[in-house]
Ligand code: ARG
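Take a look at this single chain in structure tokens; it is the form predicted alone.
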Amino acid sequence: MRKTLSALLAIVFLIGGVFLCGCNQKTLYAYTESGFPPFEYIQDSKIHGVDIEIAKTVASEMNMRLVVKDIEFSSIAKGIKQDNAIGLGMSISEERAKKVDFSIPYVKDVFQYVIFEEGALETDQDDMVPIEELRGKKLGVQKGSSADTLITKEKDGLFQDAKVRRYENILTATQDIGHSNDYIVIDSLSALQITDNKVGLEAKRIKGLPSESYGIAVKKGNTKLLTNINNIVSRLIEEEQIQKWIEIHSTTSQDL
């Protein structure tokens, strides 16, 4: 009887040891859309970018295996239903915060820019494009993005009579300038990255629009994961690591 009990205890400790040693490692799923340089982009058939670096760090420090899921941008917030899932490349807004919880901002003061063919738009004395220049135009946006939400909401206001052309991928929208759309509206970092790599295009800030910030999204009420992410992101900001990644990936994301 003692031998049997000892054998059973040995099995229990062995099984417990498997979990303690991390051999049965949990998975962290990161949902994103890859056409958003320098935060997400495809190079050598793999997703790279600033957000991927952050996700790798979060997964590593939580002893989790990272799996990146490349999906439509508009589906990211809807898809975060698991406790081990995060959303990348998302600007923080009141509307989105009804569906997901956001980490502390890791990039702040991001403004909306317009991408256009060289010379197609006039700028003011501050080298910005007045919103009046965009009224009644066909404006390309990434489906579900903050630009999509803003322009749709303001079609009878700031962007009066503008026609919204929605694209799953902002790089596809850029290729469509002068055809199915007149201009593209997207955040400053991606706009500048795209125009750096595309001859004949300019990117300028749209005058009079508020700035936005980026955060990592998690399932509503998932305080444990959110706390871990906030601690890691706080340290990365303090060490200026995220800014270093922005500089690196702004240089290396050339295959657009």
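The first residue of the shown sequence is 1; numbering continues from there. This one's a predicted model, so the numbers in the text were calculated from it and none came from an experiment.
Another form exists, predicted together with the named molecule; not displayed. Remarks below refer to it.
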Check your understanding: Of 196 to 204, 222 to 230, 25 to 33, 60 to 68, which is the one stretch near the named molecule in the predicted bound form, taking non-hydrogen atoms within 4.5 angstroms as near?
Key -> 25 to 33
Practice item. Identify which of Ala162, Ile115, Leu88, Ile80 has a heavy atom within 4.5 Å of the named molecule in the predicted bound form; exactly one of them does. Key: Leu88
**Study point:** 4.5 Å heavy atom contact, Phe73 to the named molecule in the predicted bound form
**Key:** yes
Check your understanding: Is Glu53 close enough to the named molecule in the predicted bound form to count, meaning some heavy atom within 4.5 Å?
Key -> no
Exercise for review: State yes or no: in the predicted bound form, is some non-hydrogen atom of Ser146 no more than 4.5 angstroms from a non-hydrogen atom of the named molecule?
Suggested key: yes
**Study point:** Contact of Arg135 with the named molecule in the predicted bound form (heavy atom, 4.5 Å)
**Key:** no
